[in-house]
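The form predicted alone is given below as one chain in structure tokens.
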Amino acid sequence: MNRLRDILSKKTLRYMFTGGKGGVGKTVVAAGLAYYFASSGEKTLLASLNPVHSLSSLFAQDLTGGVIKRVEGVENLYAIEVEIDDIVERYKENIARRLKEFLKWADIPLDPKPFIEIATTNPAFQESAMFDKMMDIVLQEAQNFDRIVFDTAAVANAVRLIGLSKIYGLWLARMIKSRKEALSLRVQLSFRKEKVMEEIKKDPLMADLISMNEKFSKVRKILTNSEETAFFFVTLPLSLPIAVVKRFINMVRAYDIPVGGVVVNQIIERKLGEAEDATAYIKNKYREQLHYMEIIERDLGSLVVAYLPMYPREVVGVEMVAKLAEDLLEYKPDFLEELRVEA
């Protein structure tokens, strides 16, 4: 059985992420995975967490607006291009509310606006907001879809996004502990020790933090469960994308996120690279590719689950996505066995 087919056949696998260096084809691979499930009769959601969306262009139809839309021409397939601006605004409102509540509780007569601006202009702020949205999709849409496929941003952003699942929990635990201690101290100073738990329970900021922590704990459990979640890396047979994948696979594993495997994209077949009428450029690219394919086999061979050929035209439209989905499960380079024997 095809290695990827074997992985995707697991009925418990519900959440998949694709990542890789920019331009390697992670969006088309995510679309191919989603199409496979949808065409198999499973209701599937394809969610783009990439700030620069391309699902609309890929399917040649309007999937914009930040809402779930049905993909025309594919039964059971739905898509959403998550709009970061709306999320950031809501996130700012939540931060402002929490900060104002804290300053009010602490009797600190300060204008919270400068603090809000500092907090929300942090480079990690948008990633935190996107992580919150990803958690919402995981928790809210699980009951509506059989499978959910996430197209993430470039791999560094994807790793940070998913890595927040660990950092977020540590931060929340510390905040909850500090808040409990502060509330306890406040009650003790007012000589009303019997009111400690009562004060803690009715404190709105504390309730908010506990709610966030419960939400995170549920998602964290899902993201680290290899039966439910898999992260697929996409690479090209080129030096830099290979190096990026090798480096970030280790980072993903450090966060306990299950690695589903590696997809090698845009492979030039031997019949094209060695054809008599092939251009000098194609022949040189083919020979270069063989060198990098040897490196992939040596360093990532056990993780490679699928290959995709270089198509004669851009992957655009439902018909091409269907072809790519089929190749994900069936295609094998015509030089692969020979390459493995030589290795």
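The first residue of the shown sequence is 1; numbering continues from there. Bear in mind that the values here come from a model prediction, so they are computed numbers and not experimental data.
Not pictured, yet referred to below: the form predicted together with a small molecule.
- In the model of the complex, the small molecule sits within 4.5 Å of a heavy atom of residue 27.
- Interface residue remark: residue 278 is not counted as part of the site for the small molecule in the model of the complex, having no heavy atom within 4.5 Å.
- The shortest heavy atom separation between residue 14 and the small molecule in the model of the complex exceeds 4.5 Å.
- Shown alone here, residue 314 lies within 4.5 Å of the small molecule in the model of the complex, counting heavy atoms only.
- Only one of 41-49, 62-70, 290-298, 304-312 lies within 4.5 Å of the small molecule in the model of the complex by heavy atoms, and it is 304-312.
- Residue in contact with the small molecule in the model of the complex (any heavy atom within 4.5 Å), chosen from 266, 225, 94, 213: 266.
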